[in-house]
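The chain below stands alone and is given in structure tokens; this is the form predicted alone.
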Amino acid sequence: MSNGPVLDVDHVSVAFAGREVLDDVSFQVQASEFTGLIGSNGVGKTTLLRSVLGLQRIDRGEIRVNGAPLSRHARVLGYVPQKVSLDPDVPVRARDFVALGLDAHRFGFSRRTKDERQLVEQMLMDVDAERFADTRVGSLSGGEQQRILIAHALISQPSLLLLDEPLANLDPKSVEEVVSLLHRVAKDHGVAVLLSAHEMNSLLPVMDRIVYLTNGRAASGTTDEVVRSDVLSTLYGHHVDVLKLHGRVFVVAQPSESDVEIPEHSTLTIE
């Protein structure tokens, strides 16, 4: 394994139908680091994650994982997608769903070994899911399902965990619990976390770095380095103000006609 960054996104551009969805995006994620990928709908967050997974062809630039060019079959990547439909009637227990993460890189199903069963139990403990391990996964609450999805993604012991909007549609208590869980997992397991979200405030207590994405362009660094008026004004292409109030951050901007919607809750738009 490389001693460099776990993820290195190097001047990556992606275009759809002549529109630049990602425009010369560069950033790095280090081992055990919690990075927030922040931006509203349509700014390219999912495209960027799909590019890292090898599911989206990039037009320019390079993506390296542990110092090597990306392979879509790389075991070093764990992924929690944005939308997962889990039917309550499907007779799959939470523990069985977690165990399916062991089968991602081999054909068919096989009888679990003792070591694999112990690994499943340990992963359920790591995400605090023992109490509902035998419940049908489709019957779980949103926060409980997120714990199981995270365990499913982590059981193959990846170096990098990608999460696409895992906090969407969760109540505030569940958001706080999932964020705390991910932060603990990153530190305990040495896993780099890249989590996309509409707003940054729920991540402020745990984020080591932020990738702020808008109009296909990105600024990255620590929160103090990126969430500043001068940096974000350059990124948006017009003046914005950054306000801090009661531990929350607000980006106040006068949008132009070409701007995408600015992130709700973390951002105030003045018409």
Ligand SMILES: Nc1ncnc2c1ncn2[C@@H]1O[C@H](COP(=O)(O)OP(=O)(O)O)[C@@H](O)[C@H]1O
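Everything quoted here is computed from the prediction, not taken from an experiment. In this text, residue numbers run from 1 along the sequence as written.
Not on display, but discussed next: the form predicted together with this ligand.
The partner is not drawn, yet in the predicted complex one stretch among 34-42, 62-70, 224-232, 238-246 has residues with heavy atoms inside 4.5 Å of this ligand: 34-42. Using a 4.5 Å cut-off to this ligand in the predicted complex, not one of R93, Q122 and S139 places a heavy atom inside that distance.
In terms of contact with this ligand in the predicted complex, the residue from S202, Q28, T47, N215 that brings a heavy atom within 4.5 Å is T47. Contact with this ligand in the predicted complex, defined as a heavy atom within 4.5 Å, holds for exactly one of N169, S180, Q82, Q157, namely Q82. Although the partner is absent here, A253 lies well away from this ligand in the predicted complex, with no heavy atom inside 4.5 Å. Interface residues of 13-31, taken as those with a heavy atom within 4.5 Å of this ligand in the predicted complex (partner not displayed): F16, R19, V21, in sequence order.
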